[in-house]
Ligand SMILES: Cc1ncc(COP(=O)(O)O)c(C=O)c1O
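So this first bit is one chain, no partners, the form predicted on its own, shown in structure tokens.
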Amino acid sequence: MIRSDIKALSAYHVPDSSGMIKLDAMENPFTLPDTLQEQWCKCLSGVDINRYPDADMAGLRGQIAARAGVHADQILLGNGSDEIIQMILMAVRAGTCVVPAPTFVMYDLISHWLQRSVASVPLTENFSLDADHFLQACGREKAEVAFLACPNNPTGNLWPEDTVRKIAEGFNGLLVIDEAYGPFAGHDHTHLIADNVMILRTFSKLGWAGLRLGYLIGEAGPIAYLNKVRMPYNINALTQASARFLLDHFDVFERQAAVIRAERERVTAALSGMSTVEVFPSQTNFVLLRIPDSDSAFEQLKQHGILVKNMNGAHRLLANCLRITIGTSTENDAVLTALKEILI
């Protein structure tokens, strides 16, 4: 009844974080200001949940498009960026999906769900990406789709503009540039949009993780084709109403992102001062670091009530690495203090 390859897969695991300082999932640690929370609740009270949500979402797409500097017909909305990745992999012609390695796990996972082959191009030891090697892999594997996370997860780095541009201009399939961490990088790639180049974004990292709203930017024609495989009513009415309200107060989230960027630099500096820590440059809302024994440190951090992501075993380049989300200043101080104690 169930495909054998599905039986062989491991389910995506989300660890229990009850009662812990949660620094494992790249979430914005800040809640809404009280006044804004009250206004938001009032907004939601007017939603008719007995009716199906707006299927076309023209108003919401228009708001997002205006912020992105494009037209509404260039926007496709998804239940987080994961659903959009799934739509893309469903719609693109049969052929290999090419990704860097290591990178965001869902490109590979969803491809396997849909029985699409995946080829990975290893990053260098310092997590840089060789554009020529990537394009050679695309040609060799007869790739129809490729994903580039810019900045990359879990490494945290942003590849140079020349690297991304070379791949965008040299690849004949569909290239998806995933800017999930764009608010923390200060650089975007909308100028590279073409018939075969699209930009994937999400509001999750900026503070709306619970709303599950992502969007794709592309030329109107390809977006219209992808819209044909979008499930009807895929964005619920409460998320639509919330997003329209919060977009009118977007300056709140931009200020929070600025605080997170500043805290990232502070945390990076503090970690760099620890003799047994190698911390990698980050343009995201997390930092990746290598220590002598990440498995032991991960368990000891949990004993301190702190949950981070242990990347050891995920890829050869991530041996003994921890990925730590940037939290509030108090949370960041807690993890720094705990690491100093653990790594003595």
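Note that residue numbering follows the sequence shown and begins at 1. Fair warning: this is a prediction, and the values are worked out from it, not measured in the lab.
Note that the form predicted together with this ligand isn't included here; everything after this is about it.
Trainee: Counting only non-hydrogen atoms, choose the one of 203-211, 112-120, 138-146, 265-273 that falls within 4.5 Å of this ligand in the model of the complex.
Mentor: Contact-bearing stretch, as computed: 203-211.
Trainee: Would A180 show up as a contact with this ligand in the model of the complex if we use heavy atoms at 4.5 Å?
Mentor: Contact check for A180: yes, within 4.5 Å of this ligand in the model of the complex.
Trainee: Just checking whether G80 would be counted as a contact of this ligand in the model of the complex - the rule being heavy atoms within 4.5 angstroms.
Mentor: Because a heavy atom of G80 falls inside 4.5 Å of this ligand in the model of the complex, the answer is yes.
Trainee: Can you tell me if F184 lies within 4.5 angstroms of this ligand in the model of the complex, counting non-hydrogen atoms only?
Mentor: Output for F184 is no: heavy atoms all beyond 4.5 Å of this ligand.
Trainee: Spell out, yes or no, whether the shortest heavy atom distance between Q74 and this ligand in the model of the complex is within 4.5 Å.
Mentor: Q74: no, not in contact with this ligand in the model of the complex.
Trainee: Let me know the one among I306, V279, M26, A297 whose heavy atoms come within 4.5 Å of this ligand in the model of the complex, would you?
Mentor: Only one listed residue qualifies here, and that residue is M26.
Trainee: Select from the listed residues F171, F134, Y107, W159 the one whose heavy atoms reach within 4.5 Å of this ligand in the model of the complex.
Mentor: Of the candidates F171, F134, Y107, W159, Y107 is the one lying within 4.5 Å of this ligand in the model of the complex.
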